[in-house]
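Take a look at this single chain in structure tokens; it is the form predicted alone.
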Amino acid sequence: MIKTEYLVIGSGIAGLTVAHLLSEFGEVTVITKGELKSANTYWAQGGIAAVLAKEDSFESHTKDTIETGAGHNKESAVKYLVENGPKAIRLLESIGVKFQDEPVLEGCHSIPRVWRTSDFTGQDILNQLIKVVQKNKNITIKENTEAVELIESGDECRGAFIRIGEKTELEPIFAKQTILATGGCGQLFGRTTNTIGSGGDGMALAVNAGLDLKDIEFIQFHPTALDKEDNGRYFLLSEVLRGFGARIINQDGIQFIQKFDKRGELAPRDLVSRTVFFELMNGPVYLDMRHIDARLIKNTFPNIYKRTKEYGFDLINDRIPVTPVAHYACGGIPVDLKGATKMPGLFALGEVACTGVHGANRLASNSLLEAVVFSLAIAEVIERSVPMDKDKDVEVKDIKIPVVAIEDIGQIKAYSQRLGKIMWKHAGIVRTSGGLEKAKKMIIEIPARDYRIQHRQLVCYKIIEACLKRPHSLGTHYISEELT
């Protein structure tokens, strides 16, 4: 049995930032199902959108966010996010993150406002956060530790039942406050930029505890991932490349997105992804940077250049084959502007949460911003609760530890791949009501006993239900009755 004041489930930018902040108030335990660097943050290339330049404004960033989100955003949440952007940047700078002097442009931003450390900004931030939390004596990190079920006492969350490594029995970890920062659910789809662990576990934990999900039909697909699968995920070719002038062309070398939106390659991701999706039916689609000075490419994108070389492609001289892939969940567990869920003692943060800032389609580089801004918000509300929680005994007496079924890892992978194929075909970039109904039935029929697949089945089912409840297209949710 483990006791802690604050339990953080997840170790990406959201989890480690909030752990760093909460360590001022008491003991923090961070659990992560893999290693610290296995979070999706590690692969984030673009940067953080924030209003720092004199020519920029909160009004402009707010407007761009809401227009990209198809007007489905919660305006008060967008304003809160945008107005706290500078504070988020200052926090990261205070722990040693060094941003470049000039911002870059990404799709649907009115002006350049995306701040980078390099072309692997997420990796740089995560590495710095890891250094900070590992040095902090108030923070305990438990890798290869998975949250299986939340501990409930009355209507309150009091921690989680965890599985450590390959153990078959669960253990309780009690906490005064629990923060879900488990990331998204891209691995539910057959093609994704997300790491292997991104199967929607945090969403499943919340649903099993009686909470709802919101806006989960809005799954953002990124239009330009390298069309080469690598250990269950696809390497992202950042939108910053297109902001720098990269073109999307078909097999005949023709730019085709401009026919559908005058913004071309920098149109909203949902539109660009669908356009690429349909063009792929006619033949390969490529990202083309051959018209850009080679030295500029190497100097501006050294990591992406090196990585594409490792895959056998030259960013300077080759057309790079691309495919749309599942990238980001715009919805999740509903929270207020302080990150609190409807369950006392439980907060949700980052991609697993639905603050309302993204609406029906996320504006580029608002995701890392959201993680830091709402870490600060959670820390503020928890700081106020410290005096009240001081004498609170976190342990729940006479608790019954659940017993879970654990299947062979080969079977787990097979079920995961099966789910991925179903979701990609029927709940992916283009959806039909008939296909969604078929997918729901196929998912229910998968005879999984293992909690890991049951979590994934549950979130898949919830996504499909949300899609079916929204019969008209909006943002990333595109319904076409012409396709089957």
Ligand SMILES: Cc1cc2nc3c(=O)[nH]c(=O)nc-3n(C[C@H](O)[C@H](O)[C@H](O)COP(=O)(O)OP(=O)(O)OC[C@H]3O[C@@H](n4cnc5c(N)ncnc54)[C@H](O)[C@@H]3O)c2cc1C
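The numbering used is simple: start at 1 and walk along the sequence shown. Predicted model only: the values in this text are computed from it and were never measured.
Although it is not shown, the form predicted together with the ligand is what the next lines describe.
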query	finding
Option from 277-285, 186-194, 330-338, 402-410 whose residues, in the predicted complex, bring a heavy atom within 4.5 Å of the ligand	186-194
Check all three, S11, N40 and S365, heavy atom within 4.5 Å of the ligand in the predicted complex	yes
Any non-hydrogen atom of R233 within 4.5 angstroms of the ligand in the predicted complex	yes
Contact flag, V357 vs the ligand in the predicted complex, heavy atom cut 4.5 Å	no
A147: touches the ligand in the predicted complex, heavy atom cutoff 4.5 angstroms	yes
Proximity of A181 to the ligand in the predicted complex, heavy atoms at 4.5 Å	yes
Sole residue of V28, V459, I31, A439 within 4.5 Å of the ligand in the predicted complex, by heavy atom	I31
In the predicted complex: members of 336-361 within 4.5 Å of the ligand, any heavy atom	L349, G350, E351
